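First, one chain by itself: the form predicted alone, in structure tokens.
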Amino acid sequence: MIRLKFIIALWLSFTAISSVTGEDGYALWLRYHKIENKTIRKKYASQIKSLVILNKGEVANTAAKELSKGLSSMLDTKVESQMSLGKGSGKIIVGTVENAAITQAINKNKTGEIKNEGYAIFSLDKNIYIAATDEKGLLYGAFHFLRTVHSGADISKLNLLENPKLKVRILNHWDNMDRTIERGYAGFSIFNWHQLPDYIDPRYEDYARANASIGINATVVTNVNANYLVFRPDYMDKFAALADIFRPYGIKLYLTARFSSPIELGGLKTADPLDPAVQQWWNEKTKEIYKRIPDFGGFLVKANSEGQPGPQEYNRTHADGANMLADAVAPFGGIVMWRAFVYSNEEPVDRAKQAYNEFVPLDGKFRKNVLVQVKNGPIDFQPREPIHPLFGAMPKTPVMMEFQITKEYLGQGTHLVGLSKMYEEVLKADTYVKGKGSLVAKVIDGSLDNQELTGMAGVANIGNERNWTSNLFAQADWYAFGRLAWDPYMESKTIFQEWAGLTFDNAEVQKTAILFLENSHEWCVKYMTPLGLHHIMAANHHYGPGPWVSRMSRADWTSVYYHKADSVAVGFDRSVTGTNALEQYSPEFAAQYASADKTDLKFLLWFHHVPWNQKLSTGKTLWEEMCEEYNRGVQGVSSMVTDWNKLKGKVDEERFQQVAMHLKIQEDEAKWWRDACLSYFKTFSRQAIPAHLPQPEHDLKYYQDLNYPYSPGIRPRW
């Protein structure tokens, strides 16, 4: 009897573990749970009786597999795919325009133009069509239809047309060959180079599937601080194995190219891009890659930045270097993405001006298959930055966006920060380069300057932790990047609603999740870098506050370089009385920030050196407002802690605890940021923190002495 009880208890424990791990976050937004509302499920079952796939390619087969799996799971009944159209209604008919039945349906429905990788989903004669010009469009349409069914929407009158507004929608991994990830906070790299190409982790396919589901069509799987080993034959075999897995999901593989590879791997004495031997080395290496990977996308390059080798070592320009590689991949349809994150060895007056100064003179000198990849702001992925001045400044050159999904400066692996709001703020910012309405989104989608080649890159936030991103809500940032890369005009609220609906089943949990994602970025900015403060994090690992950082090998790596606090004022003067960085923007844009009195408070200290006792539009002095802002950020996080704890029992226990524990860490660290920064800045303002606000728990020295040598994501030093 005792033995029987033990067996039953053991079985129950395994059942409990199984049910919990089923909701550990691994499934991301692709959970495909059974629709609990019986009425809706029954209605769908009557409308979806069979699945007809008219194409036979490997990407179309993936679309068929996803539709069959997703619909069968959500409707709790087997939905098989078939190749024959047959007669009758209640079919999901999937095919490209080369099929007569699809063309006839499109004409009858009067569907607009379906472009490359785009799709139409429409109801016609009691059937539903997913139509496209190519098989990638079928796959993206399949995922869209599955999202629609999951939402419980009416599918009897569908009439959707979706075309991607950007051609290259690429995830940038900063993964190193030893599986560490620079600025990675979710474990080690998912790519096991030691075991590839012979051992294929099933996670590789799950990764490709997740990316395809949100429209990502490309990936570069190694760090921009590149390693020449990627071009060694045995490593190219490893990349080829990954490319074979990604291909059925419509994803192209790209590689980061170390500019000095002809020396380090090829044995040449130079990497001068105008040297015929160097050009020949790259041409031959490129042919070797395409022999293994016929659909290889091309190269991503970081050069002459942070110690990386580049063409300037040979008195050549960025265009010279990019064009050499572009010529190598051009015969195969490849492209080069050349990063504009550069700053010279000579310390500048204002680092924010350097990329503009180096690249604008090169406008129109790059090959047609070169994209200049520009970070959203002119410094380095700060919690908030004004838009980069290069957007709109190079009308003859395709310029692509680079966002950071991993939270190097936004709480790293623990803080809940909805990045879509930040992305949206940047994309909808007006450059005014061609008058009002010259949005950043119009620059990168090519519509402002009639550019054909377009793209958006996102620095990946995933690792080998079971739920991919460590913080469950960080999955929303990956999701948001994909959706905005497809359509940079999308509203964040729509994205948050989609993700929350796909991730949680309970309506109250969904509502709370949306609230968190809508407000958390603003709260993070307030408890880290309010009023336009920037680059005041700790050195090297960038974990936690460090406004006192002053001893680095370069002045522009320190915090004091950026905030310039003294006994009178604080902030970086980028107006005409300072570095005049505003001159790099259009006159209309610059006019918004030319005067401290008229500058939006969120960028005040970015553009101006403001007296501590200066009265602001809020009626408070700068010092008082800074203290209030830091506290508002903490209060925002505390409200998330309270609101999430109310949801216990309304979301599965494992994911509930994941979020609850991370929110507690975030609350503690928000207080740390507030107390450390105000303790430091009050030594300059020479004023007390207002009595009605919380006071720091420790003195300044305590915060300055905190030390975290093994924080994750530190850049390797070799």
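All residue numbers refer to positions in the sequence shown, first residue = 1. These figures come from a predicted structure and were not determined experimentally.
Keep in mind that the form predicted in complex with a small molecule is missing from the display, and what follows is about it.
Scanning A565, V426, V224, L71 against the small molecule in the model of the complex with a 4.5 Å heavy atom cut-off leaves one residue, V224. Distance criterion of 4.5 Å from any heavy atom to the small molecule in the model of the complex singles out Y409 from the list F231, Y409, Y249, Y585. Not displayed here, the small molecule is approached by F381 to within 4.5 Å at the level of heavy atoms in the model of the complex. Contact annotation for K353: none of its heavy atoms lies within 4.5 Å of the small molecule in the model of the complex. Taking the partner from the other structure, the small molecule in the model of the complex has no heavy atom within 4.5 Å of any heavy atom of F191.
Taking the partner from the other structure, the small molecule in the model of the complex has no heavy atom within 4.5 Å of any heavy atom of D320. Of the candidate stretches 401 to 409, 507 to 515, 233 to 241, 77 to 85, only 401 to 409 has residues with heavy atoms within 4.5 Å of the small molecule in the model of the complex.
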